[in-house]
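Below you'll find only one chain, the form predicted alone, shown as structure tokens.
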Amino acid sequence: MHSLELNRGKFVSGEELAESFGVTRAAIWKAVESLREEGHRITAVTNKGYKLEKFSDILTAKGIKSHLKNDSKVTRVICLTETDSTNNYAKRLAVNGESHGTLIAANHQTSGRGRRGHNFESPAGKGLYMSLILRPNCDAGKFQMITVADAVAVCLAVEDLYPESRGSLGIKWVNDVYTRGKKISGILTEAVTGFESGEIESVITGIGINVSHWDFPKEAGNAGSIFEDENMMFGRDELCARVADYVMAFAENLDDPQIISEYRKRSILTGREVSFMKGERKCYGHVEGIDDSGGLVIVNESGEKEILRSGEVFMIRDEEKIS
């Protein structure tokens, strides 16, 4: 690794590396594969050798902390190689009194979860899987605004680090972020109640972001990633820190008008004809916009205005589910 690091961005022949370390070229190849599994981006070209790309993507607590703002509201950073889900891990900490602002990030989730029991595919090294423990000073009626704020936080963070993405990111009510017609991020916000009091003591907000491309399974629907090739423009540790800083800042003031303003201008459902379920009945309507509390404002078939606070919405154009 040291030789590749010294020549970052340049090719070093396998023969040269083998001679330098006194091992076989096969041993060098195995070492390179091991480094790749750790997240290092190494290109191999016949007759040229190996090249450590100028940008490698390793997710670590130290790396995340280095990118947090000086006045960050994040109080603790925990980075895991693997966990069942960062939300589950965060809930276990929360019930034991872990503080507001604790951030949990993972390189891989074995049981990533989305809303309504959906799975969130979370392969190692391909995405950012993170959760924050929040103890917001607000009533339960404003909890949906945390999810709204998270979606905005993802968009702003990606645009900050990847300016070329501006104008391409959209939010599908209530919790999904899209780009180029593909879902790249999902959000799951869960309340933790006290066993004795029965009252909400903390909120766990989880965010999954597909950063680099991989072969998404059919069950993932129209999933996509921020980067469709290997040319990443930023690392997951920097993205994690930027998203966390935005989430924490918004959590301090869920009435911040920037939240709903940014959400509205990115809404991909506004102005569209949609279908949605009310109990067992399928309904249709025209999306008029987003209200001040993050609800979806719909004019139904009878011409009456109603506001959805939860549920799934479908595009009428092709009746394909876009969540």
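What you are looking at is a predicted structure, and each value in this text was computed from that prediction instead of being measured. Don't overthink the numbering: it's just position in the shown sequence, from 1.
Separately, the form predicted together with a small molecule exists; it is not shown, and the next lines address it.
Asks: May I ask whether 147, 254 and 263 all come within 4.5 angstroms of the small molecule in the predicted complex, judged by heavy atoms?
Replies: Not a single residue of the candidate spot has a heavy atom within 4.5 Å of the small molecule in the predicted complex.
Asks: Even though the partner isn't displayed, in the predicted complex is residue 207 close enough to the small molecule, meaning a heavy atom within 4.5 Å?
Replies: Because a heavy atom of residue 207 falls inside 4.5 Å of the small molecule in the predicted complex, the answer is yes.
Asks: Can any non-hydrogen atom of residue 187 be found within 4.5 angstroms of the small molecule in the predicted complex?
Replies: So residue 187 counts as contacting the small molecule.
Asks: Are any of the heavy atoms in residue 129 no more than 4.5 Å from a heavy atom of the small molecule in the predicted complex?
Replies: Residue 129: yes, in contact with the small molecule in the predicted complex.
Asks: Taking heavy atoms and a 4.5 Å cut-off, does residue 143 contact the small molecule in the predicted complex?
Replies: Result no; residue 143 lies far from the small molecule in the predicted complex.
Asks: Please determine, with the chain shown alone, which of 238 to 246, 179 to 187, 150 to 158, 210 to 218 has non-hydrogen atoms within 4.5 Å of the small molecule in the predicted complex.
Replies: Going by heavy atoms within 4.5 Å, the stretch is 179 to 187.
Asks: Note which of 202, 225, 102, 85 lies within 4.5 Å of the small molecule in the predicted complex, where distance is taken over heavy atoms; exactly one does.
Replies: Comparing distances to the small molecule in the predicted complex, the residue within 4.5 Å is 85.
Asks: Within 4.5 Å of the small molecule in the predicted complex, heavy atoms considered, which of 111, 81, 231, 193?
Replies: Exactly one listed residue reaches within 4.5 Å, namely 111.
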